[in-house]
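Coming up is one lone chain in structure tokens, specifically the form predicted on its own.
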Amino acid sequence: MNARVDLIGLAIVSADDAIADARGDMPDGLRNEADWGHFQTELDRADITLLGRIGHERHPNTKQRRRLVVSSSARALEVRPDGWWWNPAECGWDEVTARLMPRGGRVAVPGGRRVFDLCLALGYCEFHLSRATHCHLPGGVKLFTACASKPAEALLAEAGLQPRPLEWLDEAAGVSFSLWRRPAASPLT
């Protein structure tokens, strides 16, 4: 049995659940210093960062964090000069965690959408959801594919996560934050 590995989702979304505009770019309306500080702190706490190929290519790993890049171009699980690469169609999550995190740990998941969807199916332990309430991105890239018909909060609840009280990271800018956590297992009686 593998040691405990916690998947921690990290996202800022628009009022309409988008993580990017229709071109796939993150607009200024989703950029906020308070959120960025929180995001960087969570990445620093993680043992590995799990992200998609496009995000990996667009955001250089200047802090030299340990990365696991999801890509169909990978052969199962392979190491490359810029990090570990994983093809979920060829290698299961249990094998990945046994090889990369045999003692367990925290996996930060900053996206993109396919990675968020994948990890929703695997089971997040936590999801850090920031929302830029003044930003609207019609036709934008949704956080989860299913956000086309349901809000992100409904999908997180359906996945078994429960929200902590809503906070404001930057009330003047309209950036809220909610921490969603999987409830601790009940003790056996």
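Note that the structure is a prediction, hence the values are computed from the model and not measured. Residue numbers run from 1 along the displayed sequence.
The form predicted in complex with a small molecule exists for this protein as well; it is not shown, and the discussion that follows is about that form.
The shortest heavy atom separation between L169 and the small molecule in the model of the complex exceeds 4.5 Å. In the model of the complex, none of the heavy atoms of G29 sits within 4.5 Å of a heavy atom of the small molecule. Contact between A173 and the small molecule in the model of the complex is not found at the 4.5 Å heavy atom cutoff. Contact annotation: V115 falls within 4.5 Å of the small molecule in the model of the complex, judged by heavy atom distances. Heavy atoms within 4.5 Å of the small molecule in the model of the complex are found in one stretch of 45-53, 60-68, 146-154, 159-167, which is 45-53.
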